[in-house]
Ligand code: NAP
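As a starting point, one isolated chain is supplied in structure tokens, in the form predicted on its own.
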Amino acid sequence: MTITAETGLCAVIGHPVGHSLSPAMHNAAFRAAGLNFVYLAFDVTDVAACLNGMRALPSFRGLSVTIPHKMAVMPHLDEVTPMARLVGCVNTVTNQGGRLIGSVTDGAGTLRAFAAAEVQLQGQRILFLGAGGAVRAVAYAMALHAAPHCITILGRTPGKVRTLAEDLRRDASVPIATGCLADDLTGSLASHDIIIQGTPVGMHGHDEGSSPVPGNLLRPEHVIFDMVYRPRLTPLLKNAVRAGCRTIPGSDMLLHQAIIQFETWTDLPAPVDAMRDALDLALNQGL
């Protein structure tokens, strides 16, 4: 591909796992929008050199950033959005006339996924399972923009849980509680409305076939969101459907964060149906 003023390049850098899903969505979106853009995957080891190359190519419009580079890119950017600064990582880089702007779309994408599912967050009691980077992004978005009644974080690593809780208390006015995933799960499930599963349990190749929540603890009043998107219907979601819960799959978060990336890079409304169809096809084909 020759990069000119009439064309655009976007890419994903980081761990190669999952790279097929983002190109599928974004390239379908570019075709549907009539844009002469292409989205490619690169296994980058020299982050600084990669970003310098982005500056040197005016039509290199955007990057998706995955593990292990989400934090490593930050010192090399010209600007980082306030939310990305709070979360402590970047998953999106936008080239604005040679200035590289870092942002994070996971939290905002999850808010859109809940809105699309017509699930109300305001005034709800939200329980997070896990305290990793994705949970941090979503917890910040919900604490700052969704006005929940309270947030509880249960995890397996006390230090990570404590750090996330302290940061949220500093930056948001929502009551924050913490606990141990092994010891406090049963009681917490009984007192919360929305359950957000942010651990790797149930993921393809990682405790596949397992659920972090026993099925008998779920009740129809629960809304269950599992961040795991491969498999699309995780053991937790299967149990939740059987229990009569409303469910939101992790693929919805993946879709909506990509929609925000598209809009950020192009200043155009995203062709949502084309992106959803491409993601469904890629997941069904096991890509």
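All of these numbers come straight from a predicted model, not from anything done at the bench. Quick note: we count residues from 1 along the sequence shown, nothing fancier.
What comes next is about the form predicted together with the ligand, which does not appear here.
Of the heavy atoms in Gln120, none are within 4.5 Å of the ligand in the model of the complex. For the chain shown alone, Leu63 is not a contact residue for the ligand in the model of the complex, no non-hydrogen atom being within 4.5 angstroms. A residue is said to contact a partner when one of its heavy atoms sits within 4.5 Å of a partner heavy atom; Gly179 fails this definition for the ligand in the model of the complex, lying far away. The closest heavy atom approach of Tyr229 to the ligand in the model of the complex falls within 4.5 Å. If you check the ligand in the model of the complex, you find a heavy atom from every one of Ala131, Thr157 and Lys160 within 4.5 Å. Taking a 4.5 Å heavy atom cutoff to the ligand in the model of the complex, the contact residue among Ala143, Val135, Ala84, Ile126 is Val135. Exactly one listed residue, out of Val201, Ala165, Leu100, Ile194, brings a non-hydrogen atom to within 4.5 Å of the ligand in the model of the complex: Val201. Just one listed stretch, out of 245-253, 33-41, 47-55, 216-224, contacts the ligand in the model of the complex at the 4.5 Å heavy atom level, and that stretch is 245-253. Shown here without the ligand, the chain has only Asp106 in 82-121 lying with a heavy atom within 4.5 Å of that partner in the model of the complex.
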